[in-house]
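To begin, one chain is listed below as structure tokens, in the form predicted on its own.
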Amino acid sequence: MGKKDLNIFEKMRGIYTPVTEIRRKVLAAVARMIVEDQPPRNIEYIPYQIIDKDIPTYRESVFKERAIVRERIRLAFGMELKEFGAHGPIHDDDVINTITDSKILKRPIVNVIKAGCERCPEHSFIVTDLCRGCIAHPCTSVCPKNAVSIQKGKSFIDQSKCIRCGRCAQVCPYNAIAYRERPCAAACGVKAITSDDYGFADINYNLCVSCGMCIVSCPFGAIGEKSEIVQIITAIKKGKRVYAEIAPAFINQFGPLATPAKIHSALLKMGFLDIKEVALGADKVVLKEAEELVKLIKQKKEPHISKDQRNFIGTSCCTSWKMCADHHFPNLAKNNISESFAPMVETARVIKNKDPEGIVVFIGPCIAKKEECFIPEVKSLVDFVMTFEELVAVFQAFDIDPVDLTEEESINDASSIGRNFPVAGGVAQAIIQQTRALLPESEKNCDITHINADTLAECLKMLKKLKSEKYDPKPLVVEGMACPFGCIGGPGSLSSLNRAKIAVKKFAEEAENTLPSEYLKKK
């Protein structure tokens, strides 16, 4: 038997593909243009720098390749895409207006570049060349709609009759019947991706929660997100007081030799005034949600508490998970998911309390954080969001290699359990550990039941079971993560999932404090 098949989320992660190369080249070229104070008209040269051959490499024509790159450049500047028929010079008033230290980002964050979409077939079963035209042909016998027949000695599936039950694939002795589906749609746990009238991928923004899984699952690179690197670099170059808050998933994202201390040095060299661990905000969230759980445990012991009271503590750190719960199970979410803000917000609050005029940049693996910044209270605290992938491009533009820098100062803001937030299950365990520390001695060993899910499809299944009360015993802590393996599987991450998981655990063990209460209560 071979190894277990990879799921859609793992198939291209941690692999440097041509899609990855083009995406990063565009980001680096745009960042370099701003760093070097190049005139806005130079934006027109970038497609020719990225696609520098006169013959096509990836598509049927070099002109189409450059057209797609042009759309990627627009996203990198934070601009809107131009649909078919609207293509023209990239250098226009929109470009001039993006070179600012003010926030310009508008919804939607995640966008389909239709010029790059190959109109992949939607989910269906097809007969492959493995078919031997066997005498038994059980595929025809089990089909409830007579969609499978023998034509020219081989099995054939009539797609107009097929109901996609998959019985034919199950019984084929040669595994000759394959299931195919559009990768972006397969990765979308909330079923927000459909097809437009022409067969191109289309996003239903009433369902989309900006998790970005479609971006890293499309093998044609036809989906991208808007960036804020132009505005971040502009703010730094203007001498603004710009602070970085870096998510705990940053460990090993820039290679094993780029230690936390070297990343700290690289960010300072880039022009950030100071750097904070977002794990500090995670600690604040853990302490608040642990206090909520202590209260809930006490309430559970009082029989007079009405049924409409909170049944569990739902974690609130993952933007896409919370948006998903709010949309699909509004009452369940409203009554049970914690009202505490995400670690990104709590860390930004610490920075803004010290420097109200400072500009805060969140750096992490998450695209949904850009969506979260449209919430007024969040917008007042977090000015810009940058992914790890975008940061690599900016490092290149500034000609900074973290590995070459000296370890002048390390990052040391948070506890062990706060640093373990980005791994699936880490948030629930952190809340439970902190809760036990807050409970009276006689109750520290009480049973604190918990459940967790990662990927939105699994989160929805978990929420459905919660609403139907199918968990026995009922959980007291519920953790949801939109990305596979947790935040370390975010679309803006660089490392392979397993390596990132190991690295985060090791970094967490190096923290001076185990629990948030060990140092936050003292402050």
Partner chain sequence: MIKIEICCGLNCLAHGGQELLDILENNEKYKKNCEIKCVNCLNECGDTAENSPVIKINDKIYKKITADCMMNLIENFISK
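Residue numbers count along the first chain shown, from 1. What you are looking at is a predicted structure, and each value in this text was computed from that prediction instead of being measured.
Note that the form predicted in complex with its partner chain isn't included here; everything after this is about it.
In the model of the complex, its partner chain sits within 4.5 Å of a heavy atom of residue 499. With a 4.5 Å cutoff on heavy atoms, residue 400 counts as touching its partner chain in the model of the complex. Looking at residue 253, you'd find a heavy atom of it within 4.5 angstroms of its partner chain in the model of the complex.
Its partner chain in the model of the complex is approached by residue 21, whose closest heavy atom lies within 4.5 angstroms of it. The listed set 163, 126, 130, 257 contains one residue whose heavy atoms approach its partner chain in the model of the complex to within 4.5 Å, identified as 257. Between its partner chain and the residues 333, 99, 392, 185, the one pair within 4.5 Å by heavy atoms in the model of the complex involves 392. Shown alone, this chain has one stretch from 469-477, 454-462, 62-70, 22-30 that lies within 4.5 Å of its partner chain in the model of the complex by heavy atoms: 22-30.
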